[in-house]
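Single chain ahead, by itself, as structure tokens, in the form predicted on its own.
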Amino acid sequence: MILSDTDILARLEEGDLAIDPLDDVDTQVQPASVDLRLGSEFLEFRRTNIPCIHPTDAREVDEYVEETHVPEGDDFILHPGDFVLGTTKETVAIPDDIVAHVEGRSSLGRLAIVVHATAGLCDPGYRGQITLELSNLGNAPVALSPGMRISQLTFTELKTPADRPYGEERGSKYQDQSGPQASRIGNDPEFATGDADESGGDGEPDR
């Protein structure tokens, strides 16, 4: 069951679902979703002359990205073909019986801005800000302003609560993250053991 605005507000009131800060309920709570705003931190990908990036090498990943902070009142210009990591201003906490989906806003989609490449899922039990995979698929640069509504979350209630929710007990990589986070795929158990399997290790998403 997808939660309506009535359901979302009830769960927020109960406190098991949390979105903080939720400064403008009337604007941000939509009929079946909640709009989230853009934070002020971005991870940009450097041009590099090395043959490739090894995702399992944390040093290479860290050297490939650099953080940019956009002061209040300024814009981040996303150029055609660019890919950067952004973050939501809000921190969310998803209860064990709900899965949340990160969606783009249609008004930005019509400007060719997309907010995620693959990481569109917030698992039951997830806590933290949400890293956004921002791309400009158009032909003109687009100014993105911290504080603008950039994405939306929809919520689906599970038939039963997750038995093994996202979190520290299962070694989830991005729990309680703050700001945009680069890939931590090197922490996946198949790379630590050298025994990769087709299931993708611990079954958690790269959130």
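Keep in mind that what you see is a predicted model, and the values were worked out from it rather than measured. Numbers follow the displayed sequence, beginning with 1.
Not on display, but discussed next: the form predicted together with a small molecule.
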Contact between residue 54 and the small molecule in the predicted bound form at 4.5 Å, heavy atoms? no
Give a yes or no for residue 149: in the predicted bound form, does one of its heavy atoms lie within 4.5 Å of a heavy atom belonging to the small molecule? no
Does the 4.5 Å heavy atom contact test between residue 33 and the small molecule in the predicted bound form come out positive? no
In the predicted bound form, is there a heavy atom of the small molecule that lies within 4.5 Å of any heavy atom of residue 93, even though the partner is absent here? no
If contact means a heavy atom within 4.5 Å, which one of 66-74, 137-145, 172-180, 23-31 is the stretch that engages the small molecule in the predicted bound form? 172-180
